[in-house]
Structures are given as structure tokens and as C-alpha cells.
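Listed next as C-alpha cells is one chain, alone, in the form predicted on its own.
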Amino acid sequence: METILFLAHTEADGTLAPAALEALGTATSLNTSLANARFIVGLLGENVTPAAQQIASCGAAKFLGVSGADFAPARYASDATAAAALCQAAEATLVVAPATSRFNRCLPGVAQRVGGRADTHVTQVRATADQVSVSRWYYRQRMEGTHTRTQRPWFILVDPGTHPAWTGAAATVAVEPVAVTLEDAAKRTTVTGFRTPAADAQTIRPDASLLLVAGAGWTKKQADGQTHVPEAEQLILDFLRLTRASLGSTKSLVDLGGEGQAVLSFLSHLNQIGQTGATPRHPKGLSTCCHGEEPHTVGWRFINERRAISLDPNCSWARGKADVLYVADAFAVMRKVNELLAA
């Protein structure tokens, strides 16, 4: 019999983020599919009561919590100690958690502490009456593998955007506290604050319905023989402001800054999409001024609808990598699109 522990950390307001609710949906599905499974929720954070009430109707037999000011910040030492305590208190054999940066950093270490195994960036979880298998991508998102494990406890970190989020009514529920005492050595790392860009300077929006990707063509010489980088910047920023889309980029455009060439000032390697960059999961994607080569388009595999604007009718986007290719000047197209959006 499997004991499933849904493990999550709370946000600053005490609730659970969408990524955690997606992992919870996976955990509840496992609980339904596995014969004689036992389902427990484990939460850590400064105050876990709001999160427990948020998911009170998920069907868990028990709610466990590690709470206090020491567990509010994302810190390896305190997170690992709290997560290990929750796993041991639940006597978990399967631990399902969101693959956030906070948990990806600490849960593999927790698996070592409790004698288990961990799989991060899981994109699919399947279960029969007596067996669980997971799928994830390997070799820079080029190969998908499916496997199962006999080692327990097994930590399964579910990638955000790959599973439907759990939905249910909030209610009052009792949280059983799990006592955790931190040594002074576990408190040496302190979080002094957060630095975030202004709302109109934010270009990476994981929850946006549209991804706009800018290629190196934006900084190249145009039909008049001149570059128009300031105009390119304004067209892209206006589009992001009007649509609240997320911004991606090709590696070639991001790297231009290191070569002393004109670049889009708001781009960094965090915007890079592809084999050596991010693999976003937006419903729609629009590529502009890039050729759609394999190292870039491999990062588009989870985009449901792909469109591209390019002056080259024989580029890689035209060879089955885009649902729609607009053979046109991206400057002219985006200028007109922004006019229509503004109107």
C-alpha cells in the first residue's frame, strides 16, 4: 500500500501557488488510481493554515504542517529539515511536490536523508492499480523517457504547466503540527528582501497566454541599409504592454551583447528559449525575426499554437515547425498590430 504525501511550501500570503495546485491535482489523481492508497498533505511555511483551508476538500486523510518564521524564506537548511520531518511523520512512500526553484534545490537532498530517490521536472505521472510511472525529458528536451522505481520514498517533482490544477471548495480543517527544531547553523543564511522590476519592465510572465519571441533580425540592417534598434525596442515593448504577453529570445540575439553589437536593452539570458534556454508552456507563441532552427524550436515543444513572422519563405519555420508562417516584414506587421491593439 502506498502512502502519498503531497508536499508544498506556502507563498507570502500563506496560500498555495498555481504550481502547487497542479502538483496537488497529480497527487489526488494518484490517490484515486492506486489501490488502497493513503493520502496526506504536508505544508511548510510561516503560516500554513490558509493553505490548508484552501485545499481542505482535496480528500486528504490528514494535514501536517511545519510553520514558523524560520520556515518563511526559501533556505536550503530549514526547507530540507522541515521537508524531511514531514516525510517521516507521514511515513510517506510517494512524495508529490511542485518543481519550483525552492523545492528543486532541496528535495533531492531530502531524498538522500531519508534513503529515497528523487525525479525532478516530471511532465507526466501515470498509475495503475499497483504501479506508478513518470515521464520526463532528457538531453536538453530532445528525448522523452518513462520509468518507474521500486525505491521508497520516491520524490516526484511535477513541472509547472504540465498537469491540470486541482480545484475545490475551501473549508476549515485541522492541521497537525510537526515539531522541528533548527540549530543555529541552519539559520546562517538570511533573506534580506526581494528585488523585482517595475510592472511595465517585467518581460517574463509564465502565466501569460501568449509568448512573443524576438530573433536577431530585429537588430540587423533593414531595407534602407540601416539598423533600427530603438524602433524595434519600442515596437516590442508596446506589444508586451498592450497584450501582457511574455517575452522570449533566441540565443543569437541574447549573445550579441557580448560581441559589442547593438542589442535590445531589456533582454537577458533569462529570456532565452531553446536547447540551452527555457522551455515555456504558453498556449500560443509568435516568433519574430528568427529562422526557426532546431536549437531554438526545441524549446517550443509545449507551445500549443506556433506562428512566425519571417521574410524568408524557406526558413525552418516553413518546414513544419510553425502552424502559420507570415512571410512579411516584422517591423511593418508589429507596427500595424500595435495600432489595432491600441485602438
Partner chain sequence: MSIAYQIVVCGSIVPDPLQTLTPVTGPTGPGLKNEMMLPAWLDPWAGHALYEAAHLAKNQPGSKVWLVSLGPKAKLQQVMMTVAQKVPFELIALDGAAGGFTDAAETAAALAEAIAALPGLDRSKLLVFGGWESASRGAGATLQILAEHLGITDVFMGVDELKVEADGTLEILERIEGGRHQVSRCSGAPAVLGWATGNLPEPKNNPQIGMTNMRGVMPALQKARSVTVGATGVTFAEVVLPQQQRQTRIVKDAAPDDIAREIVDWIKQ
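Bear in mind the structure is a predicted one, so any value in this text is a computation, not a measurement. Residue numbers count along the first chain shown, from 1.
This next part talks about the form predicted together with its partner chain, which is not shown.
Engineer: Taking its partner chain in the predicted bound form, would S101, G285 and R319 all count as contacting it (heavy atom within 4.5 Å)?
Structural biologist: Heavy-atom distance to its partner chain in the predicted bound form: all three under 4.5 Å.
Engineer: Mind telling me which stretch in 50-58, 291-299, 63-71, 28-36 gets its heavy atoms within 4.5 Å of its partner chain in the predicted bound form?
Structural biologist: The contacting stretch here is 291-299.
Engineer: Select from the listed residues Q222, T162, S252, T120 the one whose heavy atoms reach within 4.5 Å of its partner chain in the predicted bound form.
Structural biologist: It is T120.
Engineer: Is the gap between G45 and its partner chain in the predicted bound form 4.5 Å or less for some heavy atom pair?
Structural biologist: Looking in the predicted bound form, residue contacts with its partner chain do not include G45, since no heavy atom lies within 4.5 Å.
Engineer: I'd like to know whether A129 contacts its partner chain in the predicted bound form, with contact meaning heavy atoms within 4.5 angstroms.
Structural biologist: Contact check for A129: no, nothing within 4.5 Å of its partner chain in the predicted bound form.
Engineer: How about I40 - does it come within 4.5 Å of its partner chain in the predicted bound form, if we only consider non-hydrogen atoms?
Structural biologist: Taking the distances in the predicted bound form, the answer for I40 is no, it never comes within 4.5 Å of its partner chain.
Engineer: Please run the contact check for A12 against its partner chain in the predicted bound form: heavy atoms, 4.5 angstroms, yes or no?
Structural biologist: So A12 does not count as contacting its partner chain.
Engineer: Listed by sequence position, which residues of 95-117 have a non-hydrogen atom within 4.5 angstroms of its partner chain in the predicted bound form?
Structural biologist: Counting only heavy atoms within 4.5 Å of its partner chain in the predicted bound form, the contacting residues of 95-117 are T100, S101, N104, R105, P108, G109, Q112, R113, R117.
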